[in-house]
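The chain below stands alone and is given in structure tokens; this is the form predicted on its own.
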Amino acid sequence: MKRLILAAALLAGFSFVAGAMANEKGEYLARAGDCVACHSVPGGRAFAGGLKMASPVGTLYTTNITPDPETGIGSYTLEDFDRSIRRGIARDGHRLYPAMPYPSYAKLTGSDIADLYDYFMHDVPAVRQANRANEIPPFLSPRWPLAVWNVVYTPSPGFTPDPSKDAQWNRGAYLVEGLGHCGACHSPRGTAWQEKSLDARDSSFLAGANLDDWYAPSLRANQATGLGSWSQGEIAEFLKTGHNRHAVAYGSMGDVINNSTPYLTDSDLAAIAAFLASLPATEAETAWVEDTSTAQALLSGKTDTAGAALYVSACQTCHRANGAAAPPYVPPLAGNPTVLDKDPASLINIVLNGSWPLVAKGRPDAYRMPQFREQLKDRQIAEVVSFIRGAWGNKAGAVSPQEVAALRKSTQPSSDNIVVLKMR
């Protein structure tokens, strides 16, 4: 009898541990997918929705994905959950807008879907919060065209490993193309708002894109504007800490650092780095080469342009006369891919609005870019940004006051109010 009781206790204990392990895996997958970034708002409850998102048809608000049965997904079965994640169809049958990256999530395996479902149903606290209505003109609100869109642009569920690549590369591809949905920001979109490519087979995949007033840079091997000068170790370092000797995370990537990639295992970060490093450049760029004449002029007091004078007064203390700054915490401006990009949106945006806090696994960075929208006029920001894009060997084009004015109108200054999901 004692043996039966002991065996039952051991089985019960095993079941509890197995359940905990499954929940931990589900939490890990939710971290890798950074679900909290889109389905939460600063100051709100995690996964309760309400984030405002722009789209070609109007303003969307993300939904409550906590297990509340009335306002969230508490009444979803595993099949309902799977259909919404991998096919973009809600429990009641309505089509989701592709602001939800289900074309990428289609690659998720069935077992990962099950673990995610277990996490959201059992570990995420239920929040009773009604979803906010989207702000879409009535003539654009019918969703039946999304059924056609899905047929054309959403792949069949599942991930097929590339047999010509090793296990590490395929793990990186699964995380980048699928769960991490990196292409949602970093891949250009077509006329139907579709990502032009969803995987490494196409050269437009992760080739860079403008989204929500930021330019998400190329993650391919472009020498000047991509990751061509980054080692695999430096890619992994950036994903783990939010910075390296080349750059510091900003914009939407801050959400990724605050809630996602620093929580991944070193082996998964290495797999992502190996996959990204394998992507060939989209164009033959000349690698950045330092030109010391700018630093010499600044150090000798020669500021013969308005942009140079503004740089000395507002930027040089942190970013230095040679533009090298103090990496990894204060990013260099000399040779920085964001500075060299053809699209200057990110550089203008961060000068206007400053940077949001980076909190990698609970450790906040000590340095943040201040905002200059209150101190500098559009013309002055255009002048200093144009100077930076042409100094120290940088060979990017000038920007206009009109470009600055447009971003000033459509953006807001940075804030300390961010979303950081606490670990259990």
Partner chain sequence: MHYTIEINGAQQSVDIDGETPLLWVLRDVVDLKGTKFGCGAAQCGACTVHMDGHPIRACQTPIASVGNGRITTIEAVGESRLGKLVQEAWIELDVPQCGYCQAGQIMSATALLTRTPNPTDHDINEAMNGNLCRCATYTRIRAAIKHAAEAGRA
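Positions refer to the first chain, counted from 1. Just so you know, these numbers come straight off a predicted model, no measurement behind them.
This protein has a second form, the form predicted together with the partner chain, left out of what is shown; the following refers to that one.
S.K.: Among the candidate residues 395, 363, 52, 377, which is the single one with a non-hydrogen atom no more than 4.5 Å from the partner chain in the predicted complex?
M.R.: Here the answer is residue option 363.
S.K.: Here the chain is shown alone; which of 373, 31, 368, 45 has a heavy atom within 4.5 Å of the partner chain in the predicted complex?
M.R.: By the 4.5 Å criterion, the partner-contacting residue is 368.
S.K.: Looking at 343-351, 291-299, 185-193, 219-227, which stretch has residues with any non-hydrogen atom within 4.5 Å of the partner chain in the predicted complex?
M.R.: It is the stretch 291-299.
S.K.: Since the partner isn't included here, can you check whether the partner chain sits close to all of 313, 316 and 357 in the predicted complex (heavy atom within 4.5 Å for each)?
M.R.: Affirmative, all three are within 4.5 Å.
S.K.: Does residue 320 reach the partner chain in the predicted complex if we count a contact as any heavy atom within 4.5 Å?
M.R.: Yes, residue 320 lies within 4.5 Å of the partner chain in the predicted complex.
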